[in-house]
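Heads up, the chain below is alone and in the form predicted alone; it's given as structure tokens.
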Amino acid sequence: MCVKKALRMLEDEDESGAHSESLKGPAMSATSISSAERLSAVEELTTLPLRGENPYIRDWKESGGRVFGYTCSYVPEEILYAEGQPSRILPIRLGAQGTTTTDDADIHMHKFLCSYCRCVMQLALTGEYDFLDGVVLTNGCEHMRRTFEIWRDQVEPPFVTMLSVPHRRDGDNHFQWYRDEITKLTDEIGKKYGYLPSKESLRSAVRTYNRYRELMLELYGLRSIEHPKLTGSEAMKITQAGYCMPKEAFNERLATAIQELNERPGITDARARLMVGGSYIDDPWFIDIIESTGAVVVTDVLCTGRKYIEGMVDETLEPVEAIARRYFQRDPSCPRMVDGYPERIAFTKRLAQEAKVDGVVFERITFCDSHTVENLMESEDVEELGIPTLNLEREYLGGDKGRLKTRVQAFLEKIGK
């Protein structure tokens, strides 16, 4: 299969309404889970409706479950997802795909704040996230801390809290800080809803999430082989589906999708094999731009991608302790951490070499504190391996797609691809 053919398949899905540009979510009709099961697993996972139109989210709530939104990979999902409580919580990662304006958010947020945060806030202020029963944000950066304050004061969801994460991982005191924050989160939920997860329910959640990580690593393996079985755009859509489905259901569909992908012919005419790294990405439009040039994105070092699934929870330890250690001490860490750069750049280099990439595209959202310097540092270190890099600045909404495509095309020509 060639890159252009794969992209045409995705464009056909877009034209049929699978991915709308409207503020209120996709134009695709609200499919039921039973009708979704008639699709192939790959088709279902790459066309899953967004947010409140998602049939899995609707079914979860109709069955009496609660849905919590979160924004950072340092939020320990297993703590929320653990079974056994009167009303189980489904954690979903808060995206802002389809946002076309930040007019309402700009009333409360300065233009110098990251456009991802402003887009998420726009959806919250206009009711797109009214289906949420709770919100767990972190102090990942000052932009997100400000988002928490506005969400708390202006949206006033039924439950909202901040999970404070230290900026260093060395020393037991920093880990204990994070461990105490998890206890605080659990206690707040218990006080609000009248339950605490049992150790067995936590162990069950750990097993489910570890299986999820194993399957996702297998999916990434199908991207980085000599003839990739799927495009980077397809991989991102599948990854996003995993953020907004019950993990048992996603694991089952992903296992089937992997079987389907293995039966595909591989991509044989890619112009170049590229890696993407940098700021938060949950919308495939940026990957679509890169792959519209004939290149294929074979791996990434994103907190919404490969970084997110790295590292298992130790199933032999006491579950809360094990969960806390996996989330807080895992490598690679986030660039928000003062320490950990040697491990982060080692991880980037390893993936680039394993996937035999021809180049790396580092992108950052304008005003992104975490990646303003980190991208340049990684770029210089990666080029020491003889792998060329491209640094791009962008907005979350994607209003400068023409400029970005021109830059990618020029980069490919520069490296002789």
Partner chain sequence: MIFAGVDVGSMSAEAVLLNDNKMIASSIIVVKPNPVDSATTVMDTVLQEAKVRLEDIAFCVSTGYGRERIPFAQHNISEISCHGKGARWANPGVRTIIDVGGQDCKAIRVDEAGDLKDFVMNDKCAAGTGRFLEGIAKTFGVHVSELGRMALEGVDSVPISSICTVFTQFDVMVHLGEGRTMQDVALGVADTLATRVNRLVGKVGLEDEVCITGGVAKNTAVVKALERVIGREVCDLGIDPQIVGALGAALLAKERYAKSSPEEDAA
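Numbering follows the first chain given and starts at 1. Only a predicted model underlies this, so the values are computations on that prediction, with no experimental measurement involved.
Below, we refer to the form predicted in complex with the partner chain, which is not included among the displayed structures.
At a distance threshold of 4.5 angstroms between non-hydrogen atoms, residue 364 is in contact with the partner chain in the model of the complex. Using a 4.5 Å cutoff between non-hydrogen atoms, residue 390 counts as a contact of the partner chain in the model of the complex.
The partner is not shown here, but in the model of the complex the stretch 379-417 reaches within 4.5 angstroms of the partner chain through a heavy atom at 390, 393, 395, 400, 403, 405, 406, 407, 409, 410, 411, 413, 414.
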